[in-house]
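One chain follows as structure tokens, the form predicted on its own.
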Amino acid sequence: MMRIEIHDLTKVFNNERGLHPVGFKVEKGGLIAVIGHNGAGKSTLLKILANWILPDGGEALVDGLPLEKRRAVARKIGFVPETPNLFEFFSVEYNLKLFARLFQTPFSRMEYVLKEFGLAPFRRCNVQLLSKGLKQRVSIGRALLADPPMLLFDEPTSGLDFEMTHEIYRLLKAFHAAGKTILFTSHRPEEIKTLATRIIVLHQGYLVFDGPPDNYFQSEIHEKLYLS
């Protein structure tokens, strides 16, 4: 069973703590919103789990594996950053093919992603020519190449229009229904209410709430941090 255990993770930026000792567990099948003001530590947490940045203390275990087992962990966690981190001057196909080789997945998986996300007509287009919504689709498709059991989304609907936002909602719900575990950051109450089965709140690098959405929206944390 896919599980993440986080024990006292910390991160320091310019002698200031971006993430104080944070610990929690994630069981298979959750759709978890990680929320808080800008600078709360949300993106930092996801980037540590995705192995984009290293923690300064503590540890995280992904299905029993420490983050130091980078290649094995990369096959278990797919990360979609807020700003698609793609090779802009190369084609959609090249971007996917490069990561298919990295993950050692067959090119048939790339063809599936191109079809599943409506990217086949754009396969030879340079990424820089795509709309933000299409870039987001490429980024999501890339994260799914290895078919990881866990997905991390950093502000998945940031800068997207109404139609594309609801397409992302549909995708997240479909991934969740297919058994994937999802952590996503958000600052939109309607997004949290629509998607989350559990809410984790970070404030100034501290974990200040962890529980069901109903409890959160009735809590003093919600009132003090987001209604004041």
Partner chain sequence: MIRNIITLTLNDLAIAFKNKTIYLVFFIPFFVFFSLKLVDREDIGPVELNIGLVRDEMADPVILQAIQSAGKALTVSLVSDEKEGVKSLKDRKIDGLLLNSKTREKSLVLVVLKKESVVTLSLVEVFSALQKATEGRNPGWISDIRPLQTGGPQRQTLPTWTLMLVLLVGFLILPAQVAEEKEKKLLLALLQTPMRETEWLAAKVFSGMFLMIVAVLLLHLLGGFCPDNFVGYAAFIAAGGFCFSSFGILLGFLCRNQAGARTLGVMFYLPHLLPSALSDFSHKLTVVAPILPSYQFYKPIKSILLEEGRISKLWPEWAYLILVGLITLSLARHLMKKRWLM
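Numbering follows the first chain given and starts at 1. Please read all numbers here as calculations on a predicted model, not as lab measurements.
One more form of this protein, predicted together with its partner chain, exists but is not displayed; see below.
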query	finding
Its partner chain in the predicted bound form: contacting segment from 189-197, 43-51, 27-35, 167-175, heavy atom within 4.5 Å	43-51
Whether A74, F89 and F99 all lie within 4.5 angstroms of its partner chain in the predicted bound form by heavy atom	yes
Exercise: F122 in contact with its partner chain in the predicted bound form, heavy atom 4.5 Å	no
In the predicted bound form, F117 touching its partner chain (heavy atom, 4.5 Å)	no
Partner proximity in the predicted bound form: N85 to its partner chain, non-hydrogen atom cutoff 4.5 Å	yes
F103, heavy atom within 4.5 angstroms of its partner chain in the predicted bound form	yes
Sequence-ordered residues of 125-160 touching its partner chain in the predicted bound form, heavy atom within 4.5 Å	R142
